[in-house]
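In structure tokens, one chain follows: the form predicted on its own.
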């Protein structure tokens, strides 16, 4: 299902992954429960030649999903498993640099993961029409502080303390695709010291 559209136009809207028949090769990337989205994508796109499909999955010992149990060897050209998201992200630029024209990238996982991968794809020269994203997992946010130019990770509440300057920031829906982060602004800018009670909005 498509996410409810925010009144803030820059807020990303996610949908399920859709196969691009113009592709020459297809790279599927996931972390955690994002594997579920990749499996659904493959099950709904049986016309994709397995020889054109490569899979990269970040897993951990605490993760109950084993990609090899869900994606059979005859369904893809190669599957590579990484023991952490950071390990996958370190390898991805090399994989992209060795790819040829016609590559399509399909990304599935938490929102922070989606945009970390998307920004690596952009840095490798991919156009936004060449990759697609499906949100499965944590909606925790990266939030940028305009006061000290620091980005806080894994923000789940409507108000949080910036990890850089310590100011209490409102976590709003304005989103920068360039930074892969939402904008924070000082909650007590007009009435210093008046900090509302925070609420958890995302998990």
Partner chain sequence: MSTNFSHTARVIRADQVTPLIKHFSFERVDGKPFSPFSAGSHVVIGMNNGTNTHKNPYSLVGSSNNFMEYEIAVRLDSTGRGGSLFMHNNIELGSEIQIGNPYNLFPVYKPAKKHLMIAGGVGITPFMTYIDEMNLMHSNFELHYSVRDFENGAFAKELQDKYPNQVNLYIQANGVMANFNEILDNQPLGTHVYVCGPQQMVADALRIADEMGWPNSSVHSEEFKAPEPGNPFTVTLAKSDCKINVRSRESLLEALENANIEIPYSCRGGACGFCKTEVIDGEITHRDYFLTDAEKASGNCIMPCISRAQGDHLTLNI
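Positions refer to the first chain, counted from 1. All of these numbers come straight from a predicted model, not from anything done at the bench.
The same protein also has a form predicted together with the partner chain, omitted here; what follows describes it.
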Counting only non-hydrogen atoms, the one stretch of 128-136, 69-77, 82-90, 106-114 within 4.5 angstroms of the partner chain in the predicted complex is 128-136
Hey, in the predicted complex, is residue 118 touching the partner chain, heavy atoms inside 4.5 Å? no
From first to last in sequence, which residues of 88-105 have any non-hydrogen atom within 4.5 angstroms of the partner chain in the predicted complex? 96, 99, 100, 101, 102, 103, 104
